[in-house]
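Quick heads-up: it's one chain on its own, the form predicted alone, in structure tokens.
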């Protein structure tokens, strides 16, 4: 009886331990030891640059606000491989097409994040490259305050808790939201972003997983040469 119970415990332990080791510990170790790759002359990128690039403008505060606001429940941050979906054919989803940087997401793209906010549902658009698609801070603030200011039938929840309505002191603040129509506030008042709202917008603006992959310039030259032959 004791032998059977011991086997049961060992089997149960193995059932949980092996997936944990193979799916969490091993990938974490592999990615944490990856060194930044330098670009070659053929890549036509600034010599001081490297891949993966460091996030710019983002903050841990913005990442925390993103997580606590539940954005991950409706948005992903992953451009899927072409065999798994049609992400690359959606304008801006794969990155910056105009500069030839549109591509699928790679594991190294998350190296600057404390947590990879992959998400698993797309009730809203993918945000892996939202910082490329939209560069205006005012656009983000209106979207967060009430998405229906931009899309009449949007089902995105309002995050008014990240904003503050106050009396106008002299002149309207530079960062006051431009609310019109049924969204306008009473005369003499204005709506301004809180620090959390600004941090969240910084985080969203930093979502640009479109950095050029080292060696792509060489690969294109080789492909072109083989085509000529």
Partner chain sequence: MSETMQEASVQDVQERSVIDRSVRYPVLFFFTAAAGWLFLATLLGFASSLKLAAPELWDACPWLGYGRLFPAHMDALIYGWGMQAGFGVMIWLMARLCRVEVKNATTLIVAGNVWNVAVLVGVLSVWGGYGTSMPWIYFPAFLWPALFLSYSVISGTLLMMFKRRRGGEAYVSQKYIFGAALWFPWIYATANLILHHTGGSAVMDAGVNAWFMNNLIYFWFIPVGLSSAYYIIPKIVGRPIYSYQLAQVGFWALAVLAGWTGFNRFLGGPFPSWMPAIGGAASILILIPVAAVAVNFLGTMAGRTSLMHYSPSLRFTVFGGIMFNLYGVFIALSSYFDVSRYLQFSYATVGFDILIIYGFFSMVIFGAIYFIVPRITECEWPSGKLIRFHFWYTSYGIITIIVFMIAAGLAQGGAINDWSGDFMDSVRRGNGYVVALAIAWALISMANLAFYYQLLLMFFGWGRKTEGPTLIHKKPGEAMSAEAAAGFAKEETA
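Predicted model, so just to flag it, every value in this text is computed and none were measured. Residue numbers count along the first chain shown, from 1.
One more form of this protein exists, namely the form predicted together with the partner chain; it is left out here, but the text below deals with it.
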> Given that the partner is absent here, does residue 154 sit within 4.5 Å of the partner chain in the predicted bound form, heavy atoms only?
Replying inline: yes
> Is residue 97 close enough to the partner chain in the predicted bound form to count, meaning some heavy atom within 4.5 Å?
Replying inline: no
> Is there a non-hydrogen atom of residue 80 within 4.5 angstroms of a non-hydrogen atom of the partner chain in the predicted bound form?
Replying inline: yes
>> I'd like to know if residue 74 sits close to the partner chain in the predicted bound form, meaning any non-hydrogen atom pair within 4.5 angstroms.
In response: yes
> Pick from 45, 192, 185, 67: which has a non-hydrogen atom within 4.5 Å of the partner chain in the predicted bound form?
Replying inline: 67
>> Quick check for you: of 165-173, 200-208, 36-44, 59-67, which stretch puts a non-hydrogen atom within 4.5 Å of the partner chain in the predicted bound form?
In response: 59-67
>> Need the contact residues for 3-38: heavy atom within 4.5 Å of the partner chain in the predicted bound form, sequence order, or none if there are none.
In response: 4, 5, 8, 9, 11, 12, 13, 15, 16, 17, 18, 19, 20, 22, 23, 24, 27, 28, 31, 32
